[in-house]
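The chain that follows stands alone, in the form predicted alone, written as structure tokens.
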Amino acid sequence: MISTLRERFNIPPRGEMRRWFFAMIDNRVRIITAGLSIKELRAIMRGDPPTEKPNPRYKVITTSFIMHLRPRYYQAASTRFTHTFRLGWFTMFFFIVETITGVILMAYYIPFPDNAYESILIIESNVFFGELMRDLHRLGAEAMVIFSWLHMFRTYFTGSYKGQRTFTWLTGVILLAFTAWLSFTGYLLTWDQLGYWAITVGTSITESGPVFGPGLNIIMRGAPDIGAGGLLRFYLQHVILFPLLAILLISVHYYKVAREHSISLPAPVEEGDMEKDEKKKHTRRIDLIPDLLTHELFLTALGILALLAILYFGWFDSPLETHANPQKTPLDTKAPWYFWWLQGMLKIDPAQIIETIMGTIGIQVELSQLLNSKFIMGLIVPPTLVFILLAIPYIDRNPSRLAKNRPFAIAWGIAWIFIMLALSYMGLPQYGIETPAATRIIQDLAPEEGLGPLREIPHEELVPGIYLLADYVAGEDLCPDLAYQPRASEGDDYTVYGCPHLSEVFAEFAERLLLAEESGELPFLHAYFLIEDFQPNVKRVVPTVNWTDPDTGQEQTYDVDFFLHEDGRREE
């Protein structure tokens, strides 16, 4: 009966039906994978050789829109981890992380001063995994800056910018500048004090330029001061203009590496004296599929794991300070860490340096009006440094890439690393800026932006009272009768006796004040901590310093009120 029905409805036999069905599935798989069959995919996963001729794995490279940017193979020595450290690959990985997390954050962010800060709070508190996305975005941005620099250093020290790779080096330097600017423009979007004033100080550099300086400053800010226009301009640069420019330039950069000259071989392999068999071993082909592709999948998993682990263990979190206040400049305003070198250069006064040098030989000159420090160190020197980076392939005409043949280039690169580190140190707010001793000490204990030791004291240890510097005894607990169980205790029987955190903070406060008194900065010193109940669950803490000004003889007082809620500190 079944045979009759098959003949009547022209149904093929079961075996032929099965072969037709699997052929149809296999054909769809080939369409999706740009030429790889199910059997070939299994061979790739098992590490077996190709199942067909010509090699279908090469066909993927020539027919796939995405994979055609990749070469069919690399030379074995160029894929050595100790040669590239995968720095370029990880830079691209973090750019993709930034793109994905940035698109998600865009859905909730409002680029308007009245709403920007609130939208960040909503992302962190009301959006599912919103805080994770923001932390990943910030961590990925800083990692991208680091890996971009490291990739450039690796390229420089291995001499991989020479010959046919010159144009690739040029695109890489421009991409490095794009990366820094993307991070800089994103710094303002939180619309907090730290970001607002860092961008305000950074953009003010353009004002020092002659003729076009004030106009350029207005173009950047959208107004004399940063407001709605400035925030919108930085937002559009951050999410549209420079990402599109970066994608375009990354495509050019990547195409040059992947399709024209490949990754450079290690200099000893390319130029060294090797036996023929040994060189053949180093230059043998390593196919992209499956060897390198599976390795890159492993690196992707490793990169995601590293990002999540860093966030999970609390080694990094995205800062969000108080709401931007154009009327109040916070102490210790600083640029993002990757611009500390520029902030350090702004502290160098070329006029003063020349005047000092000329004064040593008996020539007195006044150059402060002629040589504007902000203009020279902010608008002349940085573009000059970028131009020098771009010109390195043309300055270094030595054809050899071997380190032993490039002693000056290697020494010059190492010297510039130390110069950048020194300038970055000079860019810290504490360097070269004199702050009154009392202000500096209290600022370090409880900075205007950020937590600081004072705010990290457990609420239970803020026992009301007046703690006098005159009564301070090193190593003594300020409240020996106190006993409490921390909210994040390790168990019901875990009890803290005394107030070790408060005592530690007061000890630092007292010791630094006594040192300042000994040095003559705070003569006739009188200081104390006032702690009182201000409202239910809120304590008022007032560090107070009284002294006599050594110049005027007048009594001076410096104090700051801190209101600490029991839930307002970060739990460790």
Partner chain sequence: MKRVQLEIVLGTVFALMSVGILTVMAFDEKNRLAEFEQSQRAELIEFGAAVYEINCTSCHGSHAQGVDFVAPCLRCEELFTTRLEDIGWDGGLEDYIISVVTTGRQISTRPAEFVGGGSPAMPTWSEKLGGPLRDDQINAVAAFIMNFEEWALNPDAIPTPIEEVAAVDDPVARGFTLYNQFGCGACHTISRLSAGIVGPALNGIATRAATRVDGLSAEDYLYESIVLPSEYVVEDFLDNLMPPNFVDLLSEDQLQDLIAFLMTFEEE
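Basically, rigid core = biggest C-alpha set you can superpose within 1.5 Å across the two forms. Values in this document were obtained by computation on a predicted structure and should not be read as measured data. Residue numbers count along the first chain shown, from 1.
If you look for the form predicted in complex with its partner chain, you will not find it shown, but the lines that follow are about it.
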Hey, of 93 to 101, 157 to 165, 117 to 125, 137 to 145, which bit sits against its partner chain in the predicted complex at 4.5 Å between non-hydrogen atoms? 117 to 125
Three-residue site 466, 536 and 567 fully in contact with its partner chain in the predicted complex at 4.5 Å by heavy atom: yes
Which of 392, 180, 132, 371 has a heavy atom within 4.5 Å of its partner chain in the predicted complex? 132
The one option of 305, 470, 236, 388 with any heavy atom within 4.5 Å of its partner chain in the predicted complex is 305
Is there a non-hydrogen atom of residue 324 within 4.5 angstroms of a non-hydrogen atom of its partner chain in the predicted complex? yes
Contact of residue 46 with its partner chain in the predicted complex (heavy atom, 4.5 Å): yes
With a 4.5 Å heavy atom cut-off, would you call residue 549 a contact of its partner chain in the predicted complex? no
Could you confirm whether residue 16 comes within 4.5 Å of its partner chain in the predicted complex, counting heavy atoms only? no
Going by its partner chain in the predicted complex, which residues of 298 to 312 come within 4.5 Å of it through any heavy atom? 298, 301, 302, 304, 305, 308, 309, 311, 312
Tell me, please, whether between this form and the one not shown the C-alpha of residue 464 is shifted by 2 Å or more, with the rigid core used for superposition. yes
With a threshold of 2 Å on the C-alpha, tell me if residue 544 counts as moved between this form and the one not shown once the core is superposed. yes
